[in-house]
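Just one chain follows, in the form predicted on its own, and it is written as structure tokens.
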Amino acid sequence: MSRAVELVDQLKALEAEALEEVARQEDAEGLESIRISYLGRKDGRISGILRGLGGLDPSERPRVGAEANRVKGSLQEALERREERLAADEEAGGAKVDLTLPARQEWVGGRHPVTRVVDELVEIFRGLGFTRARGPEAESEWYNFVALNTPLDHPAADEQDTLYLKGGYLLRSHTSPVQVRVMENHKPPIRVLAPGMVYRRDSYDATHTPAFAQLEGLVVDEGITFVDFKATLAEFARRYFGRGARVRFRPSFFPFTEPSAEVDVKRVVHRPDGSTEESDWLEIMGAGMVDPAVLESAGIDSERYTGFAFGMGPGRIGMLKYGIPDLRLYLDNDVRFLRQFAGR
């Protein structure tokens, strides 16, 4: 994890802590103490974090500065709201306040952990020249299978795996159809990411759900080689999992890529006592060079252009990053679980 990301995470954690303290205060003196503690120019805790800007690369400083300004604004607004609430309660008179009821803390919302991971992945690949693309979740067999070099007698097209709708449509089983739609409507060079929900007739257990998020990437241009493919994914792994992360590519098979590979990552795990160790190899995505048949299906000259594609599950990526043991926790709507990500 880069130093800039660490500072941003510290600011978000500080914001959540301060908002909880503001919600508990019952007098103006307490609020002023919080204001000085967090927002003080000289000894404020936010100012203390910002002293670490000097050690950052100049290109990373604006990100941390922008987050600091957002957190300051958030705390200032919370302090003002709490002051107004206390003043209103004082004007109403103590007789109208039921002191037997427990105080209600202000609810602090946050993005869902899977949404957070998707946004982080998109931001990393945006820095590598990718743009975000979207497509319909109800697709035709052409876009979901045939255009991706997958014949309809392939096991993946069987009703046991795919959820079919009336009129020859289905709920897309991957976000790869977006790649075909992009190639049909845009000439190379193409560098896109396609995040979105996909649907399969999977069991509902610790590692599978019938509906889940997926993120796929596509690059098409003249002269794209396997070297570009490996270098791009290796750089992604370093930016997301930390500079010590390593990747390996194992031969595999996918109908729409040739050659194909499973991509594994080995991370450097930082322990609370300051020590580090390497994790085991963990599979994070399937990928490969785009099959010429897929390019031709989308109207792109496969003799002139080449490309690579990759696909990963943000839910599983989040399990690695946040230490989540069960995919079902994402969908149970358990506030105790989701509260951990509020304010991050």
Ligand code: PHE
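Model, not experiment: these values are computed from the prediction. One rule holds for the numbers: they count along the sequence shown, beginning at 1.
Same protein, other form: the form predicted together with the ligand, not shown, and the subject of what follows.
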Report summary line: Answer key: of Arg239, Arg267, Arg82, Arg200, within 4.5 Å of the ligand in the predicted bound form (heavy atoms) is Arg200
**Report entry** Contact residue in the predicted bound form, from Phe130, Phe249, Tyr143, Phe254 (heavy atom within 4.5 Å of the ligand)
**Finding:** Phe254
Report task. Classify Val294 as contacting or not contacting the ligand in the predicted bound form by the rule of any non-hydrogen atom within 4.5 angstroms, answering yes or no. Result -> no
Query raised in the report: Any chance Gln214 has a heavy atom within 4.5 Å of the ligand in the predicted bound form?
Result: yes
Report task. Report yes if any heavy atom of Phe310 sits within 4.5 Å of a heavy atom of the ligand in the predicted bound form; otherwise report no. Result -> yes
Query raised in the report: Quick one: is Gly286 in contact with the ligand in the predicted bound form, heavy atoms, 4.5 Å cut-off?
Result: yes
Query raised in the report: Just one stretch in 254-262, 74-82, 183-191, 231-239 has heavy atoms within 4.5 Å of the ligand in the predicted bound form, so which one is it?
Result: 254-262
**Report entry** Residues in 174-211 with any heavy atom within 4.5 Å of the ligand in the predicted bound form
**Finding:** His174, Ser176, Gln179, Arg200
